[in-house]
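To begin, one chain is listed below as structure tokens, in the form predicted on its own.
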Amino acid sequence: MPAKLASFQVRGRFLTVLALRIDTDSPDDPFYAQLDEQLHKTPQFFSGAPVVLDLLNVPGLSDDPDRLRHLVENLRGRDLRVFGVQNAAGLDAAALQALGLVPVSTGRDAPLPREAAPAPAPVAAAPVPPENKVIHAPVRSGQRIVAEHGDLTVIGSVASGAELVAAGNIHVYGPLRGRAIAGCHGDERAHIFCQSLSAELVAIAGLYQTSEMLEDAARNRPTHIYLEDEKLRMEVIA
């Protein structure tokens, strides 16, 4: 019989997701006023970004689907693309589906389970050489540059609303105002270097800081960002 060609492929992809931690059991007018102020201050930061609700500090919301539905509707009404929740043990699958949400795990809580018996050692494959990428132009708002198998270097500025993603290190020879995500496949040895730090978000191996959390001493300065003891460190380059 003739071979049948598949009409689709299933492929893994990394995704930049913003986690919105809710710290009040009853989101009310002051909550939405604060949120609207943040959205007005940094509109490009949230533009088009998928959002996960973190309910760790508000277990009551997990037990009340009606309140959670009201919250989700209000957030989506503000153009926030809420698609999932984390730390919501009280919600069953049917309630999540009714809200158009999926449960999301951070992926850092526990190691993978061990097999009962060790599997045969695979034949060692030849190492895949890195595919580094160099961009010789400024990165504009709305652009997303990805180096999936290596380092990413930008010779120019990175505008607010732009995003850099790399499996390895990120180098920016200019102001970094957008998002920079290094070690996107979990490489904790990745680094971020920039000539002027005013980023909306920086992340290494899934650990991130937003613009409000950046160290004041490093703002608008040449900066080296790296991971140490599960924390992002920022070192001003003299």
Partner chain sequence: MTTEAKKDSPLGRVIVITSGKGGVGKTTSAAAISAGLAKQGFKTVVIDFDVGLRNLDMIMGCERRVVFDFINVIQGDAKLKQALIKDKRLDTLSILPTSQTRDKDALTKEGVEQILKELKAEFDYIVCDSPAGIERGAQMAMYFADEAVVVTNPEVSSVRDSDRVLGLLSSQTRRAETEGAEPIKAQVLLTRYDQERVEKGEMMTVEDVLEILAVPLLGVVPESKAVLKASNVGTPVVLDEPSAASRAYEDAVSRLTGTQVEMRIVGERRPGLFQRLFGRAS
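Numbering follows the first chain given and starts at 1. Treat the numbers as computed from the prediction; the structure is a model and nothing was measured.
Form predicted in complex with the partner chain: not shown, discussed below.
Within 4.5 Å of the partner chain in the model of the complex, a heavy atom is found for none of T153, Q195 and P222. Across the options 96-104, 132-140, 69-77, 83-91, residues that bring heavy atoms within 4.5 Å of the partner chain in the model of the complex belong to 132-140. Proximity to the partner chain in the model of the complex, defined as a heavy atom within 4.5 Å, singles out one entry of P27, G206, P175, P65, which is P175.
Interface membership of A159, defined by any non-hydrogen atom within 4.5 Å of the partner chain in the model of the complex, is confirmed. In the model of the complex, the partner chain lies within 4.5 angstroms of a heavy atom of only one residue of 187-204, namely E200.
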